[in-house]
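We've got the same protein chain twice here, in two forms, each standing alone as structure tokens: structure 1 and structure 2.
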Structure 1
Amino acid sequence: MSTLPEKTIERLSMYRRVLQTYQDNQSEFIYSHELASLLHLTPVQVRRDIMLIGYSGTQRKGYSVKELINKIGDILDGNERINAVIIGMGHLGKAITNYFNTKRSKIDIVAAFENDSTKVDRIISGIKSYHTDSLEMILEESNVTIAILSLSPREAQDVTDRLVFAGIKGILNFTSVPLTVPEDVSLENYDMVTSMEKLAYFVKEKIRDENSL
């Protein structure tokens, strides 16, 4: 199967999440319109996404929840688990690790890095924390492909360069700094300020539209 559309990947992640809670307390099968309504999407979009991943339901019965979860897992997780590290254990770093530790996921955060000496060589939010200086050393002895950046903007690009040099293949950037990475490294930006300003804009637009009716 060739690479799936980005938006489909996003939705697959959401499908799985709601399917897992659905599975826990309800029926064995689910209709496209049910899954759609749980996520406020259209049934067509759900069916099309499921078509793209090569899974088939049965007409009139819908999709087997269990099989669909497994199929999405095949796509998103692959076979082996993925190791990640997090750099920066302020409030945001702790929030992220708490979040992930509680979820059933194939992605494990295996180490945290900090400059603040009071946070180094301790277990924070269930994760062993090291000084950022030992980044290369730890990465060398463990199979880590993804890094989560929740540190100060000032250090972001420096640490990124070191991560890339150490062989990291994907970066989830929570800082507001636009990072430069080589072509073969995936970068996903997660920008609170932009989300907020975007929301504010559309709120204002909506209010404006309503007033102009």
Structure 2
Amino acid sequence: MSTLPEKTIERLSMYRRVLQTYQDNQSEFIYSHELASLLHLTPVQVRRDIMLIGYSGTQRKGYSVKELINKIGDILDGNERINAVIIGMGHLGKAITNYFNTKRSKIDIVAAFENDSTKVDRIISGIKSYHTDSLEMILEESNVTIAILSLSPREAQDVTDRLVFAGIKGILNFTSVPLTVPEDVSLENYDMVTSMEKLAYFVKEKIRDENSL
């Protein structure tokens, strides 16, 4: 299978989470329009994405929920587990680690890194926390390919440069600063500040519209 579009990968991840909840409710089949409705998408978009991964349902029953979950899992997870590390174990870092440690995921967060001496050489959220000075050494020993950044923005680019030099292939950036990485490194930014400001803007617009009626 050729490389799938980025947006399709994002939607496949959302499909799987919704389908897992749907399956927990004892539902064996789902139609494209039902899945689309749950995610505010169009049925055409859902069918196109599912066709891209080589799966098809039946006109009478729709998609098998279990089979579709497994098919998406084959695409997103593959056969091998991936090791990741997290840099910054504040409240956000702990929440991210707890989430992945409790989900049925093939992504294993195997180590954390901190500058705060009170958090070094401790088990936090089920994983060992090391000082950032030992970053390169632990990465070399742990076969890590993904790093999650939840540290201070002023340290983000410097740590990113170290991660790239150490061979990290993917970075999930939870800091508020844009990062520079070479083309052979995948970068995903999650900007909570921008998301909140965008949300606040549209909420204010809705309130203003309601008050004008």
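All residue numbers here refer to structure 1's sequence, counted from 1. We call the rigid core the largest set of C-alpha positions that still match within 1.5 Å between the two forms. Remember, predicted model here, so these are calculated numbers, not experimental data.
- Here, the chain labelled structure 2 is taken from the form predicted alone.
- Core-superposed comparison between the two structures: the Cα of residue 10 travels less than 2 Å.
- Superposing the two forms on their core, we find that the Cα atom of residue 197 is displaced by 3.1 Å between the two structures.
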